[in-house]
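One chain follows as structure tokens, the form predicted alone.
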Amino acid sequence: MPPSFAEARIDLSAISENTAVLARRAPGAAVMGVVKADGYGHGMLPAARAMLAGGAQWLGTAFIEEALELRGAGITCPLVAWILPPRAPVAQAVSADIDLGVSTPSLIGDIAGAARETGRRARVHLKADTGLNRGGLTADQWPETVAAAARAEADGLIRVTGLFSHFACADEPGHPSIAAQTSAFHEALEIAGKAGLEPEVRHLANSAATLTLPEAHFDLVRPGIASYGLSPIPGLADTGLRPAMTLRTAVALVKRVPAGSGVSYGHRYTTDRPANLALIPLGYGDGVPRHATNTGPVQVGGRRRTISGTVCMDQFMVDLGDDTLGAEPEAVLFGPGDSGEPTAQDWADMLGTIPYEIVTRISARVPRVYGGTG
């Protein structure tokens, strides 16, 4: 049955099965399912539960607030939050047994203070910047921070449960930075070991490294986008992954217009013959990029077509030519591609971006409707 308006249909079985596929690709490592950014737009809590059902043992978020929401929903597995801006609720995280990523030396003191305040031993993951030059401790900061962490551990205030880093170019197989970062991570681990740190897990592999770099799997892999069925490396064969999100909507109306009719704002599209125009009730307010004007792929009436004219806040038009639509017609913007519909990768290729952006930008106005089991 077509939706009454629009929906992002989420296949939870696909998320569970993708997680299991990724676990098989890293047989010696545990799996952390990454559910930041509302589960990459799929819904954080349903995605988290689906990943756990698929074999994930850990979950990862960007911010403490996301991890606290998971704890509040009854998720009891180990959770890691790795971005701690000023005034982050560190004490709440310590109280909730949320592991905290450490990317600056001062955080050791802050987290130790929270441990004293709460009377609970904090769990921390020290992040080494091995060349991404984003978050993480630089090579100069690493020895002093490791030493400070070891002292706080000896004082019973923290437990260093993890050592980790993040690749810059794992989605470009063979890029020289991959070997350089892996080597730098080994050096960081050696320094930590000499300081007496014995973490539960060492982790470096994102989705791309989980799929292509067994030497980077260590104790734990952190697949993000791959858990949702989208490949981090376009064209990578035999991933065994299935996209979990389908964005679809009812067609609001179809009207006949004469040749030479300008369509939508700015008349950036003009019909070259008499045509039937379908109004699709999704727009940039729902996450459809305005840059998709005259280029965005969409399946209407079982055929792939192209957005005609400017994408508006709540709607866009599609030129059907002389085609007519049956009862209760629908439009599919993207899905797994089983029925010839566009995929999120198709949209990313068209816009010159990555599929991560396509799925995460779908706004809260579009209801998430869940199917499958997870």
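A residue's number is simply how far along the shown sequence it sits, counting from 1. It should be emphasised that the depicted structure is a prediction, and the values quoted were computed from it without experimental measurement.
Below: the form predicted in complex with a small molecule, not depicted.
- Per the 4.5 Å heavy atom criterion, the small molecule in the predicted complex is contacted by stretch 223-231, the sole one of 223-231, 92-100, 194-202, 291-299.
- Between the options Val34, Ala331, Val31, Val311, the residue in contact with the small molecule in the predicted complex by a heavy atom within 4.5 angstroms is Val34.
- Think of it this way: in the predicted complex, the small molecule has a heavy atom of just one of Thr145, Ser207, Thr130, Thr249 within 4.5 Å, and the residue is Ser207.
- In the predicted complex, every residue of the candidate spot (Tyr40, Trp82 and Arg134) has a heavy atom lying within 4.5 Å of the small molecule.
- Interface residue remark: His125 is not counted as part of the site for the small molecule in the predicted complex, having no heavy atom within 4.5 Å.
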